[in-house]
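One chain comes next, on its own, written out as structure tokens in the form predicted alone.
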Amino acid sequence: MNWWHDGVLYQIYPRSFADASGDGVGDLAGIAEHLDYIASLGVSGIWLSPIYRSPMADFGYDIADYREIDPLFGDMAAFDHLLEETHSRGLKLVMDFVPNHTSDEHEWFKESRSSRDNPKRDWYIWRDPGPDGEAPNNWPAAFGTKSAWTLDESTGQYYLHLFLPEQPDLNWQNPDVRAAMHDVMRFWFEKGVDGFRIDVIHMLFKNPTFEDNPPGNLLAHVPQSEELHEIVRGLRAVADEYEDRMLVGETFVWDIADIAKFYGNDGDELHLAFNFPMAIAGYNATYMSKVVDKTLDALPFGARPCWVLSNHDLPRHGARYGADAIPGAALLLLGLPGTPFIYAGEEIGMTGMIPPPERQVDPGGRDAARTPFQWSPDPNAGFCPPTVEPWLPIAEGYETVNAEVEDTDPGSVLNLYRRAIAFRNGSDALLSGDFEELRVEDRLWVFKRTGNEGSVIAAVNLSGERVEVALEVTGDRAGRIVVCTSGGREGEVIGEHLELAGFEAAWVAVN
């Protein structure tokens, strides 16, 4: 079985994970220093948000050179060391691949904008102004409602940027662009990287007519078309040149049928596609279960669902659901069929914090999801030296919500994650078993996973009220709590009924 199929992956936002250099910004050496901690979670691998050379207009998602490490994070020797140390612990390393756009400081774009007849002019998307000199159409940029077009006065044409003006879009209709980006992938695969998370993969193909978007449809310019899937198949073909490499896509689309299409008809596109309808759901079992049911029905045979509750772009689910829901959400996520991703800090119960206005830096307003990791109760939460100002403020409550304090507390969120992942790693029911819903209400979700060696019933109370769940596992089929948000209940034998306190969740093994 492929490593990613049964694995749990751990996302690291490098700027916010650990600062070894003492400048207030996380770096590669800081990640390397904490690999033993990551391994202790039982995860299979790590995904690093971008670490390439960048002017940081969008904090690394504006890449000036795909084959260089930004000095802020270290150098190529630091990366090679991190890769070696990661692999030595049996972990995989997945990098972020940003194919939709580059930085406007990338040499390709500098050449492209130098003249209309430059050989790289068509590497980006250029259009003449409208009749009155206005933008070519009404396509919006992702950050705010500004136009996705910027006029380059030196050549008299507009260039397309679906994000910041500093992030011009590459033209994936140009075969030279495809070849160049495929070679970028090969460069990192040759180094031994185990896969890529592909940024905004759903945006790589643009409406070739360049017509205005109709009212109410802000994504008509990026149709989920056969041409897009041809591009994705090309990326997969590169990955398939190497053994056991994985591609996971940021498929930020809301139609679950469209998410399913990114796996391909014959397993020839992505290995995994993030399910954002689940990620943005409230803590409501009725809605969440519908997302799961529709996903399992829509995916091609053999395709693996991919679940995530938080990431660097979304407010942490602990803030969205409430801190009381954090433990139960862990057992919900890890109990579902599929490959879950954990965003660094989830496992200690971080909720993030909106910085004061004078400390806000992100153009997309995502600072709350990116506050530094809370390692200890020391000043600056052990993220950076106490005499240094971290690049974002440390979230409130770090004195108790941190890895050091939780490490020795059996009842902590951290140790719940460790127990849950360890049990999941050894359970054929949770790794590959069938999925059956037993009870679904807005504030209660009970489902069963059945494998060759027995079943595991996941019961999650999403409310603050005590509930009773009928399990019907009496007699010689009595169940046993194997993982519970109230750790003291683990080992408890369960008969016909399971009582759950407010926000409590449990996995019950049934032979």
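Here the structure is a predicted model, which means the values were calculated and not measured. All residue numbers are counted from 1 along the displayed sequence.
Heads up, the form predicted in complex with a small molecule isn't pictured, but that's what we're talking about next.
Listed residues D194, E166, E346, E250 were compared with the small molecule in the predicted complex; E250 is the one with a heavy atom within 4.5 Å. Of the residues given (R424, R178, R370, K206), R370 alone sits with a heavy atom within 4.5 Å of the small molecule in the predicted complex. In the predicted complex, at least one heavy atom of R366 sits within 4.5 Å of a heavy atom of the small molecule. Although the partner is absent here, D199 sits close enough that one of its heavy atoms falls within 4.5 Å of the small molecule in the predicted complex. A residue is said to contact a partner when one of its heavy atoms sits within 4.5 Å of a partner heavy atom; H101 meets this definition for the small molecule in the predicted complex.
In the predicted complex, the small molecule lies farther than 4.5 Å from every heavy atom of Y242. The partner is not drawn, yet in the predicted complex one stretch among 113-121, 305-313, 321-329, 397-405 has residues with heavy atoms inside 4.5 Å of the small molecule: 305-313. When contacts are defined as a non-hydrogen atom within 4.5 Å, all of D58, Y61 and F143 contact the small molecule in the predicted complex.
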